[in-house]
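Presented as structure tokens, the chain that follows is alone, the form predicted on its own.
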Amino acid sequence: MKRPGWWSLDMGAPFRLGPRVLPGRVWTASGCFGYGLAAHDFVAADGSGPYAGLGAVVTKTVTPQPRTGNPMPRLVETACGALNSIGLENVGFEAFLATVLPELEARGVPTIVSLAATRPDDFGPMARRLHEAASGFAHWHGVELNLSCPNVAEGGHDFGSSPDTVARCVAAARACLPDRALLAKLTPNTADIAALAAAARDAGVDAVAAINTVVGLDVDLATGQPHLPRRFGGYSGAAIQPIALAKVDQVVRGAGVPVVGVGGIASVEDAVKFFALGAVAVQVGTAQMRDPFAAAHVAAAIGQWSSS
């Protein structure tokens, strides 16, 4: 891809997001790279690792209590993406603080911690406890509030579809994170995503991530039933990119809050489309599940391309 004449953003430089300076603008998306610890021994043919050039690894979402997740099967590949119903399987908040986050810090992984809860008031104590446990960590840059996961019966996408509820979640966490970046991940399953972004902005968020997965369903023709035991799941991958671009554009023009673009990004061309609309960073999701080097390859390509 030839660099267009309108391009001006320096993709190779760190950038400020709220109170933190992030080392880059290409991140991995929550749930698509585990906790960010599993690939340290991986080496590409050119000798690079899957963390090279990344601005942040957004961890898989952590909840107050451990979760075993939804029944199997949890993932169905489609022609242009994937349908998942993981159900926020995770080790739980206290175990994450005791074992996972210190390991991320020791390995120097730039980290954004994804948090979810079933009540807005739960985000305050979680953020406070996180800040107490990791205030001296140099590589922990902030928190992404998962307000939009469509796979959990308690909460789910309805939890994040109300501007008032979004504002309450953000305000509760903001009060306990004075020196870390705070993001809210927004649902696309709403008529007015800009209203959600504006509510998050007014409550003190530093950026919003847009978008999370789209609610979807696929049918197993052998049985005539949905593939997933819970019927519906979160659809992601290349097919949702036009939806993600539209939602990012609505937020940028309608709410004036920094946006981290998510949805169908697998190449430098994909990422540039989001930056062209005003996104300040991007996250690589489904592509990262297929190839642990996907985000690193995008970061390398866009760094070379923007400096050419």
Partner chain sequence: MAVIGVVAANRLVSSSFHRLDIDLGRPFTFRPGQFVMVNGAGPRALTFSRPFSILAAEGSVLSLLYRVVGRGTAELAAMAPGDAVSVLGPLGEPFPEPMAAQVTILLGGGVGLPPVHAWWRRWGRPGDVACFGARSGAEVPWDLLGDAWRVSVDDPDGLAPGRRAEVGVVTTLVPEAGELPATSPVVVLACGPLPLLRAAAALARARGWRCLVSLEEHMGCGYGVCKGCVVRVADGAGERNATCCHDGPVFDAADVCLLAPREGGSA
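Residue numbers count along the first chain shown, from 1. What you see is a predicted model; the values in this text were computed from it and never measured.
One more form of this protein exists, namely the form predicted together with its partner chain; it is left out here, but the text below deals with it.
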Consider G31 of the chain shown here, and say whether it contacts its partner chain in the predicted bound form, taking contact as heavy atoms within 4.5 Å.
yes
R174 within 4.5 Å of its partner chain in the predicted bound form, heavy atoms
no
Check P71 for me: does it contact its partner chain in the predicted bound form (non-hydrogen atoms, 4.5 angstroms)?
yes
Quick one: does H141 come within 4.5 Å of its partner chain in the predicted bound form, counting heavy atoms only?
no
Among 92 to 100, 79 to 87, 164 to 172, 121 to 129, the region lying within 4.5 Å of its partner chain in the predicted bound form by heavy atom distance
79 to 87
Should the three residues A39, A44 and F293 be counted as contacting its partner chain in the predicted bound form, with contact defined as a heavy atom within 4.5 Å for each?
yes
Within 215 to 245, the residues having any heavy atom within 4.5 Å of its partner chain in the predicted bound form are D220, T223, H227
